[in-house]
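First, one chain by itself: the form predicted on its own, in structure tokens.
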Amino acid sequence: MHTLISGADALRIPLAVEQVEQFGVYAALLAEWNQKMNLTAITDWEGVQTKHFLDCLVGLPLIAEEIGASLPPKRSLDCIDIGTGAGFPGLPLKIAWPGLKLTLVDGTAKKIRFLNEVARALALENVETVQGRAEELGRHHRFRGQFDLVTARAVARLNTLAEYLLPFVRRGGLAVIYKGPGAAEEFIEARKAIELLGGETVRFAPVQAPMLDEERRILLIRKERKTPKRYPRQQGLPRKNPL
């Protein structure tokens, strides 16, 4: 895991030997399960370290800075990762930030089984998996307005994603959105939705994941006001008719 170690060092994220070993087990499980189901197109060892692990960890320094914490943060915050798929960005953030209380949400039962196996194999504490859709869970009292951090990576366009994520964020909390090329155009489209849903953009930053040449941006949205009760709308509407 030399690439991961070197990249984490460049990001000033300290990783203990046990954490590096956890990333190694995670990568091995990803390759193993990917033979049985479609988790990711990236399965080579180097690609997993750079395009998955480091690409997720690149957001941690920005989060720490925004909440006024060191790396890794010592604070124990509640985080929910929407549309997590194979666990990105939630699980890499959890491994690097052990105190994080993490809920992983995905609509596919097979992916939930994979995530449960990873959490078990890595002996991760305070990790919960939930099968469901953001439009439904975002209206449920158990999830709505309950999280300090809400994360998503490569799930939908920003104007749709704002409606998925902001209902979960408690006032004063953050939505942390990982985006690639085209993010600037999407952000222009999404500004109305962000304001309508109670958010305020605090950072829209280009980031450089170590050993990756591809363009990346991270959007941080702080929840300033309650999201109106009518949002999120019914299943499918945020994609079909974005705000």
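None of the values given here were measured: they were computed from a predicted structure. For every residue, the number given is its place in the sequence shown, counted from 1.
What comes next is about the form predicted in complex with a small molecule, which does not appear here.
In short, of 169-177, 132-140, 118-126, 95-103 it is 132-140 that has heavy atoms within 4.5 Å of the small molecule in the model of the complex. Contact annotation for Gly145: none of its heavy atoms lies within 4.5 Å of the small molecule in the model of the complex. Shown alone here, Thr108 lies within 4.5 Å of the small molecule in the model of the complex, counting heavy atoms only. Proximity of Phe114 to the small molecule in the model of the complex: non-hydrogen atoms within 4.5 Å are absent; the residue sits far from the partner.
Contact annotation: Val155 falls within 4.5 Å of the small molecule in the model of the complex, judged by heavy atom distances.
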